[in-house]
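Presented as structure tokens, the chain that follows is alone, the form predicted on its own.
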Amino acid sequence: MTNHPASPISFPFNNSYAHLPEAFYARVPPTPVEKPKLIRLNDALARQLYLDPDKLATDEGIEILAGNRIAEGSEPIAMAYAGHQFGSFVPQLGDGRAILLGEVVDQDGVRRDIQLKGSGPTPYSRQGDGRAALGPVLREYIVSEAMAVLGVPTTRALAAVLTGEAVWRETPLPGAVLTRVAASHLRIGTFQFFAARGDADMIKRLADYAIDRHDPEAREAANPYRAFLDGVIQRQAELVARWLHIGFIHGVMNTDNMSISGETIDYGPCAFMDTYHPATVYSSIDRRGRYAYANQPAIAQWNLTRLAEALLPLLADDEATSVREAEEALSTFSARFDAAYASGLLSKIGLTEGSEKDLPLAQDLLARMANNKADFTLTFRGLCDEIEPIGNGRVRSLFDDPAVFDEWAVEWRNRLANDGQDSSTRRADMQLVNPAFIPRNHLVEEVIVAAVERGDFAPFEQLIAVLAKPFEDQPGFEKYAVPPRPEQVVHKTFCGT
């Protein structure tokens, strides 16, 4: 076991998962790195976790964030889990390059995991090096923090640190470590790990832990485990709906990448759409489009079915009743998703109380966008300025055939005229749900190239600053809002492992 110097910096650790049976994890310390150097520290998040950002930015603090020091109270572990990867089941995966340092209770009373990603090999590494390259670390920092301000449940980035070491991914690349914060790192695959072993006692132990942490109200239900399953289904339905509202594609919705807490987790080959099309795929490893933009709701339900299967021993005393309970719970997913999706989509076109014709109106816009290669984000943001018939014409210019938008806009404005809300209030409400700025793929790639090839982190800092205010018009930063030029278009994104 690697020796680590003690740290004088205090983390208010209040650990619980590390006190479960050791079948749940492997105790393993981070592997020290040669020359840790802080790239960025999330000061506001640090304070939310009762951490002192000034102390974290010292040499001792950076060594904790790099894995060279162990803070007092930390109990480093790599978590065990299984998972379906592109539909194929792998009975043992686990944290192959991540180590959970411990848990803290934040200023809102929420228990949060603090985890190092890229912190060296673990017993679950499967011959991997356990390290992370700088590019994927920057991508996860940028996208996870952008998702947070966009209002999407997500893991957060506390810090990014250079290791001073190279990692090999076809070519040598600068290494880095991300400090990730999550409501928990419990996954559907965590339940599958024990289900695959037929270990009903450990499934129950895990489910009880998850209920206590994420669904304490389920304890009062007639069937707590069914109530827990219902809660996970609801959270996932709402989460995926929010992804679709902002044009986000996760890219690798394996069951080991779906969090029980309902947070977006594991930002690998993720991407935001530029031109809208429901079949859009970016991930280089998703060769058949399993995780395409429009497939994400169905995949979420498929993954939840795997969770329900793992929970069958807990849902009832006999198999037939358990299966019925699981099927009843899963049958609610579509309605839950449809409600969340419709509500958010209608708000994007300025409608809060819909009639039966409103959803078809919104869907008609999406169809026209797909057929005319319209930019997803700019179309919806532009609608904020098209409420009155005399608009600025920017939205129609996004369509191959502008008349296609004009035709739709007539019907849309007629509907708004019957809604009774004044235009200025409607415009303000629409601007709160239609961002002007998202982490466009070409901008993220430019940031990564600058950092990896030139050691220049100024573009990274500037993009972070712009994305911190996604719903505000930011004069002088228009280049961060426009779609890529043809030569800038990113066609493929990569996992980074």
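All values derive from a computational prediction rather than experimental measurement. From 1 onward, residues are counted along the sequence shown.
The same protein has a further form, the form predicted together with a small molecule, not shown here; the description that follows concerns it.
- Remark: Arg169 counts among the residues lining the small molecule in the predicted bound form, judged by a heavy atom distance of 4.5 Å or less.
- Proximity of Gln421 to the small molecule in the predicted bound form falls outside the 4.5 Å heavy atom cutoff.
- At the 4.5 Å threshold, heavy atoms of Leu93 reach the small molecule in the predicted bound form.
- In the predicted bound form, at least one heavy atom of Gly128 sits within 4.5 Å of a heavy atom of the small molecule.
- This chain appears without its partner; in the predicted bound form, the one residue of Asn257, Thr377, Gln115, Ser184 with a heavy atom within 4.5 Å of the small molecule is Asn257.
- Among Tyr81, Phe272, Phe405, Tyr341, the residue placing a heavy atom within 4.5 Å of the small molecule in the predicted bound form is Tyr81.
- Stretch-level contact analysis of 249-257, 153-161, 394-402, 210-218 against the small molecule in the predicted bound form, using heavy atoms and a 4.5 Å limit, identifies 249-257.
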